[in-house]
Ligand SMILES: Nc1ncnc2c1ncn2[C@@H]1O[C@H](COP(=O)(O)OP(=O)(O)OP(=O)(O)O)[C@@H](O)[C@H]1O
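This document starts with one chain, in the form predicted on its own, laid out as C-alpha cells.
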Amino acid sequence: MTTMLTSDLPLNKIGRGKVRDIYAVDDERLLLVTTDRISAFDVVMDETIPMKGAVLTQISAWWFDQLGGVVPHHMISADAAEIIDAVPALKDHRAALAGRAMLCRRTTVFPIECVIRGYITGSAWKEYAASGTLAGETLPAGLQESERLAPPIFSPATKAETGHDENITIARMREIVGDETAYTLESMTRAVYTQGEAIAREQGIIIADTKFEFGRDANGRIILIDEVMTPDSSRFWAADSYAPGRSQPSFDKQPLRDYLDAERRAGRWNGEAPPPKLPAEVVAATSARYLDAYRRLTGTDLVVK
C-alpha cells in the first residue's frame, strides 16, 4: 500500500483537515479520505506515516460496528468495493480508497468537541496540578497523575480551526448548543465511552480519555460522526503496565513527539512550521505504533483490500 500525502478524487473537495480530506458526494453523503499525514504540536509534518490513514479509518469502522446498538452513527461503508458500487465515479480510484475511505451520511456538525476523561492526564493533569481545577471547575483534592476518575468527567471543548481546542464549562456548552442538545451530547458521549472503555479493557487497552463529534442528520437525529476512539482522538494505555502517580506510555504518535521534543531542547526547531525532517527510524516506529494499536484493539492484523 503506497502512502498518501493528499488525495485527488473526481468529487468536490469541501474540506481539508490536518489528516482528512472531505468530499461531497451529494446532498446526503460525504466521502472521508484519511491520508497518511501526521501532525504534532499543531504542525503537520512533511513526511507521511505508512498505513496510518488505513489504521484510523478501519479502527473507526470497527468501532462503528461495535457501537451500532448504542448510538446511531454516520458510517455507510468503509469497504472500497462497496463505496465504488455506491459512487461509480470512483471506479478508477480503488487504490486511493482502499482501507482509508469512508462513505458517510452528511450532518450539520455541532461546534463542540465532546471530551470525556476516565483518567486524569495530559492537559487536564497540568491544569489540576497547578490549580486543582479542570476548565475552571474544582476537582477533588489529592488526585495523582493518571489516576482513574469515577465517574468519568465530561469536559467539552470548542473546536478550533487552528491551534488547540479550548476547554469550556458545561454551562458554556449549554449557551452554545442549548440545554436539551447539551444534555443529549453528554449522555451519548458517556454511553459510547462506557461501552468502548469496557470493550478495549477486554483487549488489554485502557482508553484514558477520548473525544467525539456529533452532528444532526437530515431527519433531525443527533448521530456520532468523524473518527471514534482511534490513537489520534484518544489516549490508549497498556492495562498490564498501568500505574497511577506517573505518566503512561501510549499507543500513538509518541515516537514522533519524543523526537520533536529532543529537537526543540537541542535548539534545532522552534516548535513552528516548517517542521524538521523526520528520520526514517522515527517514521517506521510511528507506523509500527499505530499498527500495534489496531492489532491489540481488534485482535487481528490490519488487512487492506
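Numbering starts at 1 and follows the sequence shown. Just so you know, these numbers come straight off a predicted model, no measurement behind them.
Just so it is clear, the following notes concern the form predicted in complex with this ligand, a form of the same protein that is not shown.
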- Query: Counting only heavy atoms and a 4.5 Å cut-off, does this ligand in the predicted bound form sit next to every one of Arg106, Val109 and Glu213?
  - Reply: yes
- TL;DR on 269 to 277, 236 to 244, 252 to 260, 22 to 30: the one with heavy atoms within 4.5 Å of this ligand in the predicted bound form is 22 to 30
- Close approach of Lys159 to this ligand in the predicted bound form, 4.5 Å, heavy atom: yes
- Task: Give a yes/no on whether Gly17 approaches this ligand to within 4.5 Å in the predicted bound form, heavy atoms considered.
- Result: yes
- Message: in the predicted bound form, does His74 come within 4.5 Å of this ligand, counting heavy atoms only?
- Response: yes
- Task: Please run the contact check for Asp209 against this ligand in the predicted bound form: heavy atoms, 4.5 angstroms, yes or no?
- Result: no
- Message: Can you work out which of Ala200, Val115, Ala124, Ile225 has a heavy atom no more than 4.5 Å from this ligand in the predicted bound form?
- Response: Ile225
